[in-house]
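One chain comes next, on its own, written out as structure tokens in the form predicted on its own.
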């Protein structure tokens, strides 16, 4: 019974052709190629022209694998065996392996595609790694260039606030200080790569003066709005609590982003900021922020998409700047703060943004007491000698002015790394302020050099003034004998508090 199946299927896959020495077909079973008797096999397909060179060779076997025969618009992929004889009879065996070879080709193609895709993925990973390295280097350099001037701006503003200024000048200085702090916070956001890429900004809840913050915002925007010949209206509910607990910077970011959007899209009329108290419940206050403008307005069909990230509304009624990323950030922050936001708008009539947020109410007296305790510096038994190793003239002057104003310190300044050790040995040094940007020297190397000095000098406290704010950098500094790291930009109170803490 098995022989029946073998005979049935084998003859369908094999064709046997008997030819004479000239290539003329003597006999064939024709299951694959339809061939007529007495025709020359060389005339049936160009492949068989090879017979002219092979048939004169007697008693040999020639094999040809994976041969493509296109015959009457049909392609066969076959193995061909040619056996030459001595008696004017030559055998041609054709095995039809079309299905087998096609499956093999598909397998090979899939394998090749897999290898190619793997190589492409590897190249993409290399590209992304190079891109990431470039981005980190750019941000590090960008940060370094900004930190020193911002530090100087913050500290000199702090020094000015205690000088003899009139009310208007102090108001201007408050705006400068507020802007400095905002810029400092934005730099911290840029540096935290994982925070930016994941879109998850950490909310930091602290107690702050809500009314003071709102008045600072309005003072800054009043100038910008009136400069555009617009009227600026500001209304604040007298029932608002003065001190609340929340993320002051993020709340300010929400209000300023919406106000900036209003300014960008309003050319005539007014912009109004209205802050109301919705309710107070269980020592929590829910406030309503309303920002209204008489600008271009937004089409109803686009109201649901204006908070989407990187969405620009294409319309003649929208400015070329588009809605942009600012409102997407607003939406994200409001959601993270467990609030809600909506917008009402009409083309050529203006827009109104309504945002509701909840905050904890804080006790005024307790906060003032805590502020006084935090700002109270410990008493020093005598004036202390500080060695500053810093190559930025701006930071040198900044720290000099800060310490001189207290009357509690002597300051010796050097700008080269090789001057550190001689100044420690030859002069009294109670504490070292060490920049991480000294040319040809790393802060870790300089700190290690100090720690290898004789016992008399090696325990001198070292504070690094760092332009690097990554967690791994701060950890590395502290692992190498550095007592404390102050990240630039810093303010006067921060510097003095750390100095007193390390010197007590």
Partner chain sequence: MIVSKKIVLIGHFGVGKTSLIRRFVEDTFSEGYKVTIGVHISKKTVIISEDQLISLIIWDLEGQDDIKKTRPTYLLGTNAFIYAFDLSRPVTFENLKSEIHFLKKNYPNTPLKVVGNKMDLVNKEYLKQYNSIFNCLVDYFVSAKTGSRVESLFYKLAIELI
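Numbering follows the first chain given and starts at 1. Source: prediction; values computed, not measured.
Here the subject shifts to the form predicted together with the partner chain, a form of this protein not shown in this document.
Using a 4.5 angstroms limit between non-hydrogen atoms, residue 67 touches the partner chain in the predicted bound form.
In the predicted bound form, the partner chain sits beyond 4.5 Å of every heavy atom of residue 453. Using a 4.5 Å cutoff between non-hydrogen atoms, residue 46 counts as a contact of the partner chain in the predicted bound form. Looking at residue 104, you'd find a heavy atom of it within 4.5 angstroms of the partner chain in the predicted bound form.
Note that among 397-405, 223-231, 157-165, 117-125, the stretch whose heavy atoms approach the partner chain to within 4.5 Å in the predicted bound form is 117-125. Checking 88, 109, 278, 340 against the partner chain in the predicted bound form, a heavy atom within 4.5 Å turns up for just one residue: 109. Scanning 77, 213, 264, 92 against the partner chain in the predicted bound form with a 4.5 Å heavy atom cut-off leaves one residue, 77. No residue in the set 247, 441 and 444 has a non-hydrogen atom no more than 4.5 Å from the partner chain in the predicted bound form.
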